[in-house]
Each structure stands twice: as C-alpha cells, then as structure tokens.
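As a starting point, one isolated chain is supplied in structure tokens, in the form predicted alone.
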Amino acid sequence: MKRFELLANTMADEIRSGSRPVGSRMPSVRQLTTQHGVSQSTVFRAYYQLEEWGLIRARERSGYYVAPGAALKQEAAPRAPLAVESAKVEISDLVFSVLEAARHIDVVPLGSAFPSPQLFPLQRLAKSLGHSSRLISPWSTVVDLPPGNEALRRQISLRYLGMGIAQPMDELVVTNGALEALNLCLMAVTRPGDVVAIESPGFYAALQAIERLDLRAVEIPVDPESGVDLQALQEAFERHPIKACWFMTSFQNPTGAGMPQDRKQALVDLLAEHDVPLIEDDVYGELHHAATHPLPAKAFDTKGLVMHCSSFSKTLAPGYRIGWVAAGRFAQKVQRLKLMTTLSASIPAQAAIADYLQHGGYDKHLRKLRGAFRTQLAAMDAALRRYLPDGTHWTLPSGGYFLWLQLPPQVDAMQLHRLAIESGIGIAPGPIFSARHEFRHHVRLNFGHPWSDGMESAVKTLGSLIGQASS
C-alpha cells in the first residue's frame, strides 16, 4: 500500500470511529507532514482520497472538515432476546415471496443481496476464461473433481497465507458458490432434528437450509457493532444440545456487524470448550472499508472445528458460481458430500478464476471495489439523513454493502415492502431474517450499486412511504 493510502486509511478510521467529530477541522498539511514525516504531496493525495470517499469536504480558504454522516457511531438497534426453546423453521414461503417481488430489472435494487455487476472486471475475466479454456485437458473432467482445480486451490491457499493463516490445500474443497459450501458443511455435522445456533437477525439462506434439512434453530442475538452475543451463546449451550453454529463473523448480513478480533478468539475458545463446529460464512471479508483484511475466526482455530466458507461471487465473478470451504477436520466428509450431490463445480469457471488470480490483478480490483463501496455508503447515508423521518436509526458498517435500518416503532416493514414494490423499489424487510419472523420494524438496504439520480429518488420516495406504512 502506498504512503498516501496508509495515511488516508488511518484518518478514515479516526473519522469513522468518531475520534474526529462531524464538522471538525482536519489537521493542516503542515501539521501532517511534520507528524507523519511525509511530503506535502502525500498529504494532498490522502486528502483527495478522503474527499473521494465522502468523509471530508473542502471549504474555500479554510481547509478540510469532517463531512456529515462520516462517523460510524449512531444509535444501535436493540438486540433480540435469546430464544428459550429451539424452533422449527418455516421461512421459505416468506423469503420467496419477497425475492420474487424484487427480481425485476426495473425495480431499484435497494433490497438486492448482490452488488452491481458494473463494478466487476467482466471483460478481463472473459479473457481469462478464453485463455484457460484453450488449455484445459480432457482429463480435467476427472482430475478437477472434488476437492477441485489444483491451481485454483493453490491460489486460494496463497490468499490465506497473505492473512497469516497456513491453510493446507488438502482441506480446501471447491464448490458451486459459498451457499453450497455452507449447505455441505451443515449436512456434514448434523442429522434431522438436531439443533443449530444461528444469528438473529441472520442470513435467510441459513434459515432455508435448516428448514430443508429438518433441523431446529436457536437464535443468538447480533449486536450491530460487535456481532454475535457471546454471553447469549454460552447460555444457549447450557440450555440446548447444539450440534453446530452458523455465523458470519465479518460484516454480517443483514446488520453489517463485524466481530472484533478478541471476540473472534473468544468465540473459537468457547466452541472448542463445547466441541461444537463453526460454519463460518465469510463472503464479505475482502470488502473491508479500513486498511486491512479482518482475520476470520478460522485464524484462531487449532482443533479443526471451524469450516471457513467463502466465494468469488461478491467480489469478482457473480455468475461463475465458484466458492470454497476450508473444512478443517471435516474436509473429507464435505468432499464426499460434494461428490454425492453436484459432483463438481464448473471446470472452465475454476480454471478461469485460477488464471485471473494469477495474472489479472485481483488485489488492484479489490482496492477499486472497496473505494466504490465507501463512496456509495457515504452517498446512501447522506440521502437517508435527508429523507428518512426522525426515529429511524442505523449503524454504518466497516465493510460489506448493507445497511440495517430500525424504523419508527409504528412502521411495519412488510407493509413498507409492499408499498415500495408498488413504487418500483425493492427493500429487504426484517422478518425474512428471523426464524420467528421478528424485526418487523427493520429493513435491510443495499448500497452496492453506483449512486445515481434514480437511487437518490428511490430513497426520497422510501422516506415518504414510511409515513404510510404504520401498523
């Protein structure tokens, strides 16, 4: 990372944490050159970067000031209570109805689970696909069966090494996206009727997987700033025969919460104490807004209990459906389940992504993508402040591309969803993120699309619809 980028990220962290309050004047160029031992050019480039991210604004003949909406600290949504009993999950009908209503191309995608495809290097990927396809051996149909393409697994292993994690290649299994990896892990460690600890609010696909496998769920509250409530998890272990946990420890969907490193260590220690495996969904880890990649819980695992799942769908190649799991002690069982279900991930897609990782400039693309998300978050936050009524609260995430809004208590999220669809706007209402259909006054919004007049207008319309959606 260049010196101006390091300086920009340091100041960005100070701004987002609230250490530099909104409206406060930033240090002068002279102060920063002296304090950090850098050139004036480096300081100016850092300030231009912060301005591009929407964190500071220049005032003529006065300097730079922290922009409105730049700080992370806002009123957090209240945590959900811990379920006394495990619950049978019946969520799919609700999820499918919401997703079906929002899938049309003319709907403004504030409720989408995906970032804009405009942000991905699709032409460069196509070049890798063409190049690698010409080199594919006919024997690849056999050689690249699970655990998967060796060159791709080597590149994935190198990315773990870049985080300081020595990840053996023979524990990596390539899958059809992260969702298959997560489902295979769940199948590997549970049987029908078993209890699984999930987040509340949590990823609706986890709820659907539990429903499909005839499992029972116990919901663990998620704090919008610190992630899974470890005290509640400890209490759940005391009350329920939990066989597995399915958690998103970095930039959780839907809240955007990221567990601090010490809490991830504590989580892994707690799981080791009870010998319970963790299915770690980490599809957003590469989309951090700060300078460094947050370590996954996998980094603290010494017993092979953490099955770390991720993919390239949210960062590089959404249509290629290539994911993986670092499955620890369960690698062989996951590999066999993969062979028994879908046999293999696409062989050309595996080869294409392996080629891109080796030659395509993945890290450069990620830096550009993260910058786009930071800019779009600032624009979304500013629009929400302009148009949403008092009593609406949210916490700005430090990664990913979701915002979790707590609406005024009289507003029903499902009614707001119906009104929004009628106005050509998609949102994700809170009840689809809970086994018990809770969070009726919450919605998830997506800021993963380039800001436009249409996005601005949609947020303005949403603000006016909130007044009509009272329960």
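So that there is no doubt, residue numbering starts at 1 and follows the sequence shown. Source: prediction; values computed, not measured.
Although it is not shown, the form predicted in complex with a further copy of the same chain is what the next lines describe.
Item to complete: Answer yes if any heavy atom of Gln231 is within 4.5 Å of a heavy atom of a further copy of the same chain in the predicted bound form; otherwise answer no.
Response: Looking in the predicted bound form, residue contacts with a further copy of the same chain do not include Gln231, since no heavy atom lies within 4.5 Å.
Worksheet item: Is Pro121 one of the residues lying within 4.5 Å of a further copy of the same chain in the predicted bound form, judged by heavy atom distances?
Response: Judged by the heavy-atom cut-off of 4.5 Å, Pro121 is well away from a further copy of the same chain in the predicted bound form.
Discussion item. How about Val189 - does it come within 4.5 Å of a further copy of the same chain in the predicted bound form, if we only consider non-hydrogen atoms?
Written reply: The answer is no: Val189 has no heavy atom within 4.5 Å of a further copy of the same chain.
Worksheet item: Does the 4.5 Å heavy atom contact test between Leu161 and a further copy of the same chain in the predicted bound form come out positive?
Response: Contact with a further copy of the same chain, no.
Fill in: Heavy atom within 4.5 Å of a further copy of the same chain in the predicted bound form - the one residue of Ala382, Leu339, Ala290, Ala266 that qualifies
Comparing distances to a further copy of the same chain in the predicted bound form, the residue within 4.5 Å is Leu339.
Practice prompt. Answer with one of Pro389, Pro138, Pro241, Pro168: the residue that has a non-hydrogen atom within 4.5 Å of a further copy of the same chain in the predicted bound form.
Written response: Filtering the options by heavy-atom distance leaves Pro138.
Worksheet item: Okay, which stretch from 354-362, 296-304, 190-198, 277-285 lines a further copy of the same chain in the predicted bound form, with non-hydrogen atoms inside 4.5 Å?
Response: In short, 190-198.
Worksheet item: Which of the residues spanning 131-146 lie within 4.5 Å of a further copy of the same chain in the predicted bound form, based on heavy atoms?
Response: Counting only heavy atoms within 4.5 Å of a further copy of the same chain in the predicted bound form, the contacting residues of 131-146 are Ser133, Arg134, Pro138, Trp139, Thr141, Val142, Val143, Leu145, Pro146.
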